[in-house]
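What follows is a single chain, given as structure tokens, in the form predicted on its own.
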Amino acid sequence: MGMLSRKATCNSHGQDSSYFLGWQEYEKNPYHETLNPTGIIQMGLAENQLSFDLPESWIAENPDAAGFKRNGESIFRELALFQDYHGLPAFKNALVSFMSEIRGNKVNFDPSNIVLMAGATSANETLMFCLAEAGDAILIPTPYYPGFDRDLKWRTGAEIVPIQCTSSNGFRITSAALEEAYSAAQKRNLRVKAVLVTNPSNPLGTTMIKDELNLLVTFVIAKGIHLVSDEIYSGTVFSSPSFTSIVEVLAGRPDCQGSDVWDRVHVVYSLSKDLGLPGFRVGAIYSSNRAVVDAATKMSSFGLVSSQTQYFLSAMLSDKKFTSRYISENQRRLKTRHDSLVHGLKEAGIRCLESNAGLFCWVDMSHLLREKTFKAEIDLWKKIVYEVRLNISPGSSCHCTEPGWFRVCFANMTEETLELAMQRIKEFVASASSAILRGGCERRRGRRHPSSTDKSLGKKFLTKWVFRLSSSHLREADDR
């Protein structure tokens, strides 16, 4: 071990989070409708599998793109040779056009301001390398995507300071919460360099309203810091309010015209969620800051998008008939599936935060906790993983301040699998409710009281369980 670097031996990656531990348990016993019908159903994966037939149909109708041909002639050798890290102009033009289309063509993007990266994970980390380093802080509203602890901190050395949001207002950002987070960072002798938000939110599945976005712009202007808007779910908005990009907000504010705030606002985008192509590894940084674009472009050599991928997708995204149909049909299917999950949970007596975007719901199971603590949340989560055999993500892994919330994904499975998952959770809730009633009767009769031995055994079991999972090799899931 002494011959390895500190980075190789440190434990700051975040892989021992329950978010990643649930993945490992799923991989040990994955559900399959015929081969393993009693296995664990994966509801911790924010993956969009609802509209695969649409690009598949496009490929069948456009064989030249998939066959690396141009006008019927092979360009395989051209694509196989070295390409510089600035990216293919045709793809960058097609990508910014697609980004504008998703935003209702209310804003335009300059292809010279975009940097291609191998996925949103790479884009976020590269942007952090450009903005921050050890001793610097990034403010992020809670709850937030668990992978940010890896993506933003592990190699950059920067710290995340939470902007504490609560269910009292639907987890919306407030001016007081921003100021409290800024002061908390200063008390830790950290230099606040940026605020980072996901819009639409992962894990909430909600779009930020214009008042929130304007609040953020006013805040970063006042503090002289950066604002990063991770907009990788922008094309998944399936009901009102519609999506508003931070670029649209800047363009609509007179005080921002000609201001240097444009150089401190950056957008992260990806095709992983909107097109359901996480395996293609296509992400991007969009920034008006020339120094950031130049530095990120140089860094992109560590995570390029292949020329073959760029050529193929430039052809697909340039087909406006296809993109228009895909966007509307995909949003329709997401709404249908979202509504199925919400309805199924409601029948089980479980409510969800009202949401209008994303591939998941933010689910309130606090009434199923034996006590309002995060230990009780983890105990409930273990039961859901092992007994109900559903892998969902506990709110504590997303740094939620209130125990009992869970992120539940709905777009990575068939309708039949979702129905089975809902049947399992209904049976569990019914059983848990009966147990709570029985327990209440027994306590009133004085039959059973937990002893100090019971409590210590429970603590000992939890410690062993967490140690056993975190000591094993875990799959790297780019589940943003």
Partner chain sequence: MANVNMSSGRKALLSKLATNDGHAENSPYFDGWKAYERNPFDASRNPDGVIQMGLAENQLCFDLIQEWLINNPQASICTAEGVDMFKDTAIFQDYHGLPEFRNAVAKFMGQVRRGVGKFNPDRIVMSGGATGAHELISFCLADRGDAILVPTPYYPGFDRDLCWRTGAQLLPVVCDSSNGFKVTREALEAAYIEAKEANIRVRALLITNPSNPLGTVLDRKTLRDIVSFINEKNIHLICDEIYSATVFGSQPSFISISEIIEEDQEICNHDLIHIIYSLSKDLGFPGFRVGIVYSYNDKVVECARKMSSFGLVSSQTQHLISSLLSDDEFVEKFLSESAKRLENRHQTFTDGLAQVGIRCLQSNAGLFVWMDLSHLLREKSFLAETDLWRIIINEVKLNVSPGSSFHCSEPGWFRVCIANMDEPTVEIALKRIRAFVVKGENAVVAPAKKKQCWQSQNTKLRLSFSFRKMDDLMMMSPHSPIPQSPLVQART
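Keep in mind that what you see is a predicted model, and the values were worked out from it rather than measured. Numbering follows the first chain given and starts at 1.
Below, we refer to the form predicted in complex with its partner chain, which is not included among the displayed structures.
message: Going by heavy atom distances of 4.5 angstroms or less, which of 325, 155, 370, 351 would be at the interface with its partner chain in the model of the complex?
response: Answer to the contact question: 155.
Quick check on this chain: which one of 227, 380, 409, 118 has a heavy atom within 4.5 Å of its partner chain in the model of the complex? Contact check passes for 118.
Just one stretch in 335 to 343, 385 to 393, 279 to 287, 233 to 241 has heavy atoms within 4.5 Å of its partner chain in the model of the complex, so which one is it? Flagged stretch: 279 to 287.
Decide yes or no: are 162, 200 and 320 jointly within 4.5 Å of its partner chain in the model of the complex, with each residue judged by its heavy atoms? No.
I'd like to know whether residue 420 contacts its partner chain in the model of the complex, with contact meaning heavy atoms within 4.5 angstroms. Although its partner chain is absent here, residue 420 would stay clear of it in the model of the complex, with no heavy atoms inside 4.5 Å.
Margin query: Can you work out whether residue 92 and its partner chain are in contact in the model of the complex, taking contact to mean some heavy atom pair no more than 4.5 Å apart?
Written below: Residue 92: no contact with its partner chain in the model of the complex.
Determine whether any heavy atom of residue 247 comes within 4.5 Å of a heavy atom of its partner chain in the model of the complex, and answer yes or no. Yes - in the model of the complex, heavy atoms of residue 247 and its partner chain come within 4.5 Å of each other.
4.5 Å heavy atom contact, residue 49 and its partner chain in the model of the complex: Residue 49: yes, in contact with its partner chain in the model of the complex.
query: in the model of the complex, which residues of 281 to 304 put a heavy atom within 4.5 Å of its partner chain?
result: Going through 281 to 304 in order - heavy atoms within 4.5 Å of its partner chain in the model of the complex - the hits are 281, 286, 288, 289, 291, 292, 295, 298, 299, 301, 302, 303, 304.
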